[in-house]
Structure formats: structure tokens, C-alpha cells
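Just the one chain here, laid out as C-alpha cells, in the form predicted alone.
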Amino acid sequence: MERQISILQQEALLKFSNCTSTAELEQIFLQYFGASGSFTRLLKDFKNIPENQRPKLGKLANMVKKELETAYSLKKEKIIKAQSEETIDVTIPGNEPPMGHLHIVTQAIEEIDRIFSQIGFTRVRYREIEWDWYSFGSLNFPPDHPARDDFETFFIDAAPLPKYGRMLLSPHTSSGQVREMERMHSRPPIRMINIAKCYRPNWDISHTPMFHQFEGLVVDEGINITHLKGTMDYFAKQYFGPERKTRLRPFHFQFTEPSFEVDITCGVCLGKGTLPDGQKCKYCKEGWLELGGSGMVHPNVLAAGKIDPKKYTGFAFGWGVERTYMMKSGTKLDDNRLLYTNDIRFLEQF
């Protein structure tokens, strides 16, 4: 038995050394260690040798087996390395790395921008760090309005200015309304779409502390509510598709009069309020979802932008980009926070 082990060892080492391909090497390895290989059959014969010889021969067999396995692995690495060195063609173009894509919020912003540019809106973007006056004072908010509370807005620990008040993280893109009037030197016509980040201390399935809004503002002579309705209908048709429905619901905002909430049928339950399994839709609960606010620009806001409210009128609207995207046909997203988890398995779907 000892002599047989030694003979198999020498034969295998010689055959391994003479191999020129991994396929040949694999075949020889199986000749010795496969289910019916020479070395495998030899080990099965251990039951036929005297018990007092088994420890010595077993130790020898294990040592030889490890040696041959090591020789096999080293020879395989050597063949693979030699083949790669021989077959490299430096003139062949390299493999291009996989390409990523824009984040879904960025995709939504680009699509919204494109839709409004088709009807003459100019894209602008205003500050994320803003003053109280632009965010609240110029927009007709009284000094004691709840939105000016620390629980509703992120205020910055900085010295306030006599004219502009405290510094804050912009809670809405509406602060860009008066800034746009100033940029236009208070001379209409104005047709603005402002898309930017906003910040509010909210966190649930439909809110995140940082989010994006797009703000529309139109100011000119003779602007009325039919122009607002037509603009909303145009966007809804272009962005959501003909199967979704919208509605204007009377509401109150400090900076518009009259004011409306714009609602759209839920993209998860398609306006039914319940899912196919009979459970209540946890995202909308009743079939309709709020897109955002809208209305006719308050005369006090026009006056803050040094525009004569007796000569000019306008309308404005402000919607969340994330919420708008989630309600788009086919997405079926039921948790706003998914957009910012950075889970590549989720993001690759869009």
C-alpha cells in the first residue's frame, strides 16, 4: 500500500508538470481524485489492510493528497497567468464600466422644467439659506404666524438684520416670488418656475426634512383664475397622463387670495382609497392626494415686490417634486423616504 501511494504521487506530479491547459489539468486531477479516480479507489481499500498499519498509511495518504492538491492549484495559477500574458492584445478596446443614471428626483426636476418651458416659463433657482422677510414677511405672514415658530422652520443661529429679520433654511420656494419681482426690476410680465430645496422638521411616509419644490409665478395685466386652471390642467396632462384626475379645493394661504389646494387621484390605489386586497391605502387613505398650493397672488405680495396691484394681477403655485413624482402613473411608491435611502436595488429600478 505504501509503495502504491508513492507511485501514484510521482505519476500525478509528473503529469501535472507536463500540462499545458487548464482543461487537461482538470482531467488529470479527476483521474486521481474523481469518484472513480486512482487515489480515491486506493483510499477505499484501507478497510482491507491490518488495523495496526492504518494510522501510518492514513497519515501518509493525507500528506500526499494535500501535496497533490497544492501542486494542482499552483500549476493551474501558472497556466492561467501564462495564457493571459500570451493573449493580451493592447489594441483591443477595453471593457467600459457600467454607466449609472441620474437620481429619480433629478429626473423629475428635468421633466418638470421641460414641461413648463414649453409654455414659456423661465427656470430660476433661489437661496436655500434665506431671510425671514423673503420667506414670511414679504408673503403677507403676520409676525405671530405658526409657520414662524421654531417647531415649523429651521432657524439659523445668526444675528438678525433690522430689515430682513432672522436667517433660516428656506421652508418653501415661495420666498423666490418677491426675489423674482426684484430681479425683473418690478416690471411684468413675469413667468417663472423656481425649483429648489426646502427644509421643514417633518419625517413620515409623505414628508422628509429636506425636499424639493417647484414654484410657479405669473404676473401680468389681466391674469385671472382661468389662466391658473389652464396651467394646472396642462401640467397634469403632460406629466401624469390622461387617466389621472385633478381638482381645485378652496383653501387658505397667506400669500394668495383666493387660494386653492390642487389634488390628484392617488397613483397607488388609483383614487379608490383601497388596495386590491381590500386594505385601506396607507398613502392616501381616501383616494386623493394633495399636490400643493395655488391661488391668485395677494395684492400685498405684489406691493412687497414693488408691483402695482391695481394694474397687475398674477397667480402662483408650489408643489413638492418628490410627492409629484410619487403620484406619477406607474411608479406605485408608497413611502416618500424611499427616495433618500440610497438603496441601489431601489434606485436601479428607475
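Residue positions are given as counts along the sequence shown, with the first one as 1. Keep in mind it's a predicted model, so treat the numbers as computed, not measured.
Keep in mind that the form predicted together with ligand PHE is missing from the display, and what follows is about it.
At a distance threshold of 4.5 angstroms between non-hydrogen atoms, Glu215 is in contact with ligand PHE in the predicted bound form.
In the predicted bound form, ligand PHE sits within 4.5 Å of a heavy atom of Gly318.
Among heavy atoms of Gly293, some come within 4.5 Å of ligand PHE in the predicted bound form. In the predicted bound form, none of the heavy atoms of Ser138 sits within 4.5 Å of a heavy atom of ligand PHE. No member of the trio Phe121, Asn194 and His227 reaches ligand PHE in the predicted bound form with any non-hydrogen atom inside 4.5 Å. The listed set Trp133, Tyr72, Tyr239, Phe253 contains one residue whose heavy atoms approach ligand PHE in the predicted bound form to within 4.5 Å, identified as Phe253.
The contact with ligand PHE in the predicted bound form, taken as any heavy atom within 4.5 Å, belongs to Arg200 out of Arg179, Arg200, Arg244, Arg148. The candidate stretches are 255-263, 269-277, 160-168, 180-188, and the one lying within 4.5 Å of ligand PHE in the predicted bound form by heavy atoms is 255-263. Taking ligand PHE as it sits in the predicted bound form, the stretch 31-62 never comes within 4.5 angstroms of it through any non-hydrogen atom.
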